[in-house]
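Included below are structure tokens for two forms of one protein chain, each presented in isolation as structure 1 and structure 2.
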Structure 1
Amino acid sequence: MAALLKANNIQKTFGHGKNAVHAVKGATFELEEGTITAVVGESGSGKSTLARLVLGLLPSTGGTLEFDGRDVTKLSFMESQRYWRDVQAVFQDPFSAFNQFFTVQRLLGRSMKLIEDKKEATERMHEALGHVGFEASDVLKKHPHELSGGQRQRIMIARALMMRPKLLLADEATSMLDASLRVNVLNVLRDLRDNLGTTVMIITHDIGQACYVAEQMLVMEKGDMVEQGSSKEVVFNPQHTYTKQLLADVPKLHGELGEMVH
């Protein structure tokens, strides 16, 4: 299977000299097309900084990041605009993402403006809502307070899908949701992989979620990528002490793995 994204020793350092913080110390990995990869680690591990490097929201300090064979750490502004159509993100807080006075239709209309053909834009909106389990007529006129947290997060995924991205990055996209709603959103991501062939990168502190949804797992600790491999390999045969510590915090994981890891 071809690699959509290749990171080679990608780095990010904030500050200089004694005050320098090495948030990502040199990560090398690949995201295969049509798969889900989870980046796992506790707060301060560097996983969200890595996500922002992939999204082009931060300049890298060193290394390369190839997307479809092209180094995207050195894009011009116009090239970045095109890149951001191919790589879309869904972030942590579905509540702050909404203007409380906007309807869902007005929210999605912002993405529609980026699509020149208005008929196509409308078709994409209806298509994207369908992919996340909505009938357009049921939600377009609703305001945020009329939707659950899980529904709002699915709307945010639909907004990203309107651009028909090659890569969807979900940064702690379920951390503010109840357990049942988390599973709902994770199942949407799995459906996107299975039905659309979308490549998905999930940033999470929850190794249990990573096992449930991802084929591949990358484990980060204090800026270092300490372990990577298939979810089964990482969970059943962890090599690094930090990975073993994360697994120890989820005591039921091994017993449930037959259902969780595919």
Structure 2
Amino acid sequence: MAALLKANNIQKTFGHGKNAVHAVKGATFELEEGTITAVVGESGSGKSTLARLVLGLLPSTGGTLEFDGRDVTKLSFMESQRYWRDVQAVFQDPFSAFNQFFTVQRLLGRSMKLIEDKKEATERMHEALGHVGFEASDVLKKHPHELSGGQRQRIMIARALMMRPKLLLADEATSMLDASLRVNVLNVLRDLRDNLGTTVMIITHDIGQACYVAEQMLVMEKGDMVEQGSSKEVVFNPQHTYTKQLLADVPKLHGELGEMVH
């Protein structure tokens, strides 16, 4: 298996001089094709910034990104359009991720324009909705306020899946959902990896959740990537004090690990 994404010393600094915020201070990692990687760390540690760098939504201030053998560090408008057919994301807040004036149909219709063949686009929409357990006729006419948080998040996943992305990022995609829905969404991500071979990068402040789905873990502290390795290694044999502290904050974790970690 080859690495789908390679980040080499990727950095992001907001602002200049005294007001500079070093949100990501140089992260080097690889995402193996067809695996799930979790980025864990406390709030403010730079996880979302890292996600936006990988997505090409923020310009980096240093380092390089390589996707599928191409350099994607800097993308023109046309190149980003192509990149977003391969790399998609689901965000934290299923309300603010929706344009509240759009129906589901309108939202998905936009992505359909990126697919040249009209008939295929419609097929893919039905297929994507199917992956998240929806019947197209039930939801297409709905506005976001007619859907629950979990339903909205599933629509967002469907939107991302329509492109049949090779890489899917989920930035705290479950943190605003009820516990039962959380597992539901995590299972959807896991099924994607198992059935479609999608590479998934999930971002979470909950290391327990990371253990549940991810093979690889990247630990971030205040912009630094302090530890990385397989989930087993990181959980059972943490090297960095920050990782140990994160694990200590999840009291029940060790008891349940036997069933959770693959």
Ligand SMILES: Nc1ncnc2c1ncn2[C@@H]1O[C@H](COP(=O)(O)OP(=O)(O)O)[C@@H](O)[C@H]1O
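Quantities reported herein were computed from a predicted structural model and do not represent experimental measurements. Residue indices: 1-based, along structure 1. Definition used throughout: the rigid core is the maximal C-alpha set that superposes within 1.5 Å between two forms.
- Structure 2 derives from the form predicted in complex with the ligand, whereas structure 1 comes from the other one.
- In the core-superposed comparison between structure 1 and structure 2, the C-alpha atom of Leu107 has shifted by at least 2 angstroms.
- Relative to the superposed core, His16 undergoes a Cα shift of 2 Å or more between structure 1 and structure 2.
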